[in-house]
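What follows is one chain in structure tokens, specifically the form predicted alone.
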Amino acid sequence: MVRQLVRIAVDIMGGDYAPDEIVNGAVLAAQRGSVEIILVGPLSIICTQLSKHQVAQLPISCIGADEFVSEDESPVLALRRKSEATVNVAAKLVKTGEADAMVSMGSTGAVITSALQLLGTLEGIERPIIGGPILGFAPNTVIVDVGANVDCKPHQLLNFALIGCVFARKFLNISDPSVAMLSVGVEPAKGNNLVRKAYQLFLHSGLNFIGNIEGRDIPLGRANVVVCDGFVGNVLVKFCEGLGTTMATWLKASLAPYMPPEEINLVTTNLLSLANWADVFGGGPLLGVDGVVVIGHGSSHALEVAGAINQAKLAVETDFVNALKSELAKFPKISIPLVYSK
């Protein structure tokens, strides 16, 4: 029996290096196999970009969309004016079943807005989140949320934890993931109002909750699912990326008198891949929407784009969305005391 290719719609106009690097990465993903690429964007630009590659035998098709949302635009207002923007057209392909997943390296706000409007959230999910492993030093640690929700309520953090647990089971093969909240101390009374109130909900959640952890515990892999709001999570991701780059630069200069350049490059490249784990994956799925949507890093080049496409393929192959639906159906409805709902 011939294995069916995973159909992935790729927004070619999203990202700092669009459309060149986006198309390059999409072609690379098609060359690696197991995916059918649907490029979404202005047809003239797509044709120009594809002419640089040998694509006659590759499973690549095109869908025209002449409008796109830039990073400096308000996502909601832009998508009202540009209903046929590339990100919307890609999401519609997922909605109608013409694509199994979509990938965009463009405006995070635009991707989330489009996914919410066209795909909606799963039952039991109040807000979708962005999450996944962020450090190669702790490959079995998932951070949720890392940027989709900067202001949260306690019960929403519990929602994030449930999504993170399904991610850990499906993507990392961890049967009973441990869950912790990121705080300024391990004691239950430590943290801001959000963390302290959420702690009490987590205690009675039925999840494998191990309490609070501190930032230093993350690279040690002390928990499989680490929960925080998107403001803290995004700062954490950007800090790790900057620290990795700074350490690699320092190592190059420090090792120069003692090691050949090729050996130094090997060490620093490995360090960067461990510190900037998110760059290795290229992006991660928007968790909690009714369809597979992968948001990549705006600064992605071809390798990262191909990595994001691979993440979309994995989400489809592991049937992540239906797995999350099943878990949500089994999870008891959260009883939220009035004091926690404010």
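Don't overthink the numbering: it's just position in the shown sequence, from 1. Note that the coordinates shown come from a computational prediction; the quantities given were computed from them, not determined experimentally.
Note that the form predicted together with another copy of the chain isn't included here; everything after this is about it.
- For the chain shown alone, L243 is a contact residue for another copy of the chain in the predicted bound form, at least one non-hydrogen atom being within 4.5 angstroms.
- The shortest heavy atom separation between E126 and another copy of the chain in the predicted bound form exceeds 4.5 Å.
- Contact annotation: L274 falls within 4.5 Å of another copy of the chain in the predicted bound form, judged by heavy atom distances.
- The closest heavy atom approach of G120 to another copy of the chain in the predicted bound form falls outside 4.5 Å.
- Out of the listed residues L116, M247, I210, I174, M247 is the one that sits within 4.5 Å of another copy of the chain in the predicted bound form by at least one heavy atom.
- Contact with another copy of the chain in the predicted bound form, defined as a heavy atom within 4.5 Å, holds for exactly one of T48, S61, Q54, S299, namely S299.
- Annotated contact segment (heavy atom within 4.5 Å of another copy of the chain in the predicted bound form): 258-266, selected among 258-266, 82-90, 198-206, 162-170.
- Although another copy of the chain is omitted here, in the predicted bound form all of F137, V150 and K190 have a heavy atom within 4.5 Å of it.
- Residues of 69-86 placing a heavy atom within 4.5 Å of another copy of the chain in the predicted bound form, in sequence order: E71, D72.
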